[in-house]
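Considered here are two forms of the same protein chain, supplied as structure tokens in two stand-alone entries, structure 1 and structure 2.
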Structure 1
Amino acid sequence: MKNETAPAGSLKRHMGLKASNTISNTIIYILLVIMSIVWLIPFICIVLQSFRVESTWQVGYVIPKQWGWKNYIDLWHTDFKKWYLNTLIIALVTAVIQTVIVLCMSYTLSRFRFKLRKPLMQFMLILGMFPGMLTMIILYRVLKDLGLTQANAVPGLILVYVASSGMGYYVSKGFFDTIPKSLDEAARVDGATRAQVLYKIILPLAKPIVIYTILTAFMAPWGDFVFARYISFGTSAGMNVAVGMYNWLNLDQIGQCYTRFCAGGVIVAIPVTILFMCLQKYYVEGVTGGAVKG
């Protein structure tokens, strides 16, 4: 074979693989840095503003002129602690009950083939097309008659959340579908009843989705506005943090309560965020696995 060296002309053709890569990577890094800043700004602002003590109304600048804990102390003197406690109780109870219900539903729909299975799923699909708010009106009346509203909003809300939580089976079912049915069959050959198959074999394998379901069930009540607003119906003792703090930003209250809102926001957000970040990988697994395999 002839041993030729490359003619210089071939370099004219392209910028080479390495150079064009570096340029596009640099652009991407710049974009990512900008994005990170933009995404985090509101939260940085909230935290900073919560320490502002020179005024309590909304201002046009971010960094406080005077720093202090006053806003946090103020929180203690309002109904905030009641709202926080309410929401915490709701979140904890809902997390447990809702997980049980959702798992029952999704496991059944994934594993069992019974006559009404497909019609049931289609029916729930159609039910989901109705705006959820529509049911609020009558549920409010019924709950009122049962005494589960206003001051007793907490049990009322819990009931509303968990009762129809079975409709949110989609993601969990997707997850269960990925566990091979041969595991079930092997266990049944070994003599297990279907109930035993569920809690001896499947549940241990379903840890990621269980955690995902608990996490999402826990996080939801912290942010729910509409239902909580309806059921608490103006009684402060029955509100959750979302409804209570919403009122602080109303035109009549915002003068006094803006910084207090920021402080409240920080207190609400921190524990939830920390919990989320710890369990982040389960959340990601649930979203990417179940949500799109469908």
Structure 2
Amino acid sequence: MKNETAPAGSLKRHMGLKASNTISNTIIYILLVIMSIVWLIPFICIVLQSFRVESTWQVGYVIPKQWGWKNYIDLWHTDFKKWYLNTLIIALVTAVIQTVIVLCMSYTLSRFRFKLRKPLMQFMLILGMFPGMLTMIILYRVLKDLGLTQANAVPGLILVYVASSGMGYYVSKGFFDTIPKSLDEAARVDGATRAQVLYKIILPLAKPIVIYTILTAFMAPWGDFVFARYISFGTSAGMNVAVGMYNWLNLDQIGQCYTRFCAGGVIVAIPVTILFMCLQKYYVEGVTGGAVKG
């Protein structure tokens, strides 16, 4: 009698567990859909407002009464193209230099063993805990003495963004730690230099972390506002797109520039959105792979 009821009880437990998992997954998916809708509503509103041409002022409705491309066309008759070019130059140069520095630092700390290695890592870790706001005053004074503020703020911003790049080694080093050191040793036996090992062996295997590093290095200066506004004030020539567009929200300009501001926001968001959607797979692999070992 016990042998007959055992399979039936096991089947009931299996069905109960399956039903419980289905219910929990359904609740999770519903919550994720609701969160996505709430998160996307502001962006949808900005896109809709960018096509509104019946009024440039803020209005109490979302869907435009008259649609058109006027706001996007008007952008190119302002300093927006200069701001956009400044931002693009800053982001691209920063992404290249910072990626090189981070990958070299990460490879060094992952593969080499030398005195003060651990104290150096601990020092950079502790130093990175202090907010960057604490250094803004002294950075401004240094950049001002070098003539890298206001109209010349673009090279000044690049200098600041890449100056502490080596401190962002954590994720990349964790990823390099997962690659067997035997590959390095075999290449060294065949006569490869350290640079050749990194370039020809390690980096092809570390494609996800390379793309992750490039994306993070590009997105940070692309959307920076606080520090950029701090050193690029007073003249339009040195502003990035965030600082320049912020000036359109002043009380004396918002009435004529609100819909144009929305159009500019859409154009600014397009490059990062396309990059992230195309490289999302590698971005996730880089984050998860770099979190395996420290």
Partner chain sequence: MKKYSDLEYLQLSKGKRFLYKLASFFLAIPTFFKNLGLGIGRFFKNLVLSIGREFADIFSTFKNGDWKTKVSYLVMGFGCLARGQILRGLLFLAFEVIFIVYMITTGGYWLGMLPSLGKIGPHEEYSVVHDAYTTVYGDNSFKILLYGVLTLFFIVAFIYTWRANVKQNKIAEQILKSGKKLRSGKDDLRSMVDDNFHKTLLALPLTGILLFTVMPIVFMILVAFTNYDGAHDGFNNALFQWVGLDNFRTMLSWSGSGVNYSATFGEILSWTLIWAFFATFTNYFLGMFVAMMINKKGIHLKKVWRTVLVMTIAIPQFISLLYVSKMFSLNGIINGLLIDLKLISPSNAIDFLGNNAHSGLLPRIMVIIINIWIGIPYLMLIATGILMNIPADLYESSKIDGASGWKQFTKITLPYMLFITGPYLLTSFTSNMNNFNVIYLLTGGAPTNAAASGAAGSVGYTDLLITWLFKITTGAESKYYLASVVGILVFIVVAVISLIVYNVLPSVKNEEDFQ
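Take the two forms, superpose them, and find the largest set of C-alpha atoms that agree within 1.5 Å; that set is the rigid core. Just so you know, these numbers come straight off a predicted model, no measurement behind them. One-based numbering along structure 1's sequence throughout.
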query	finding
Chain form predicted alone: structure number out of two	2
Core-superposed C-alpha of residue 194 shifting 2 Å or more between structures 1 and 2	yes
Core superposition between structures 1 and 2, C-alpha change of residue 29 at least 2 Å	yes
Threshold 2 Å Cα movement between structures 1 and 2 for residue 66, core superposed	no
Displacement in Å of the C-alpha of residue 253 between structures 1 and 2, rigid core kept as reference	3.1
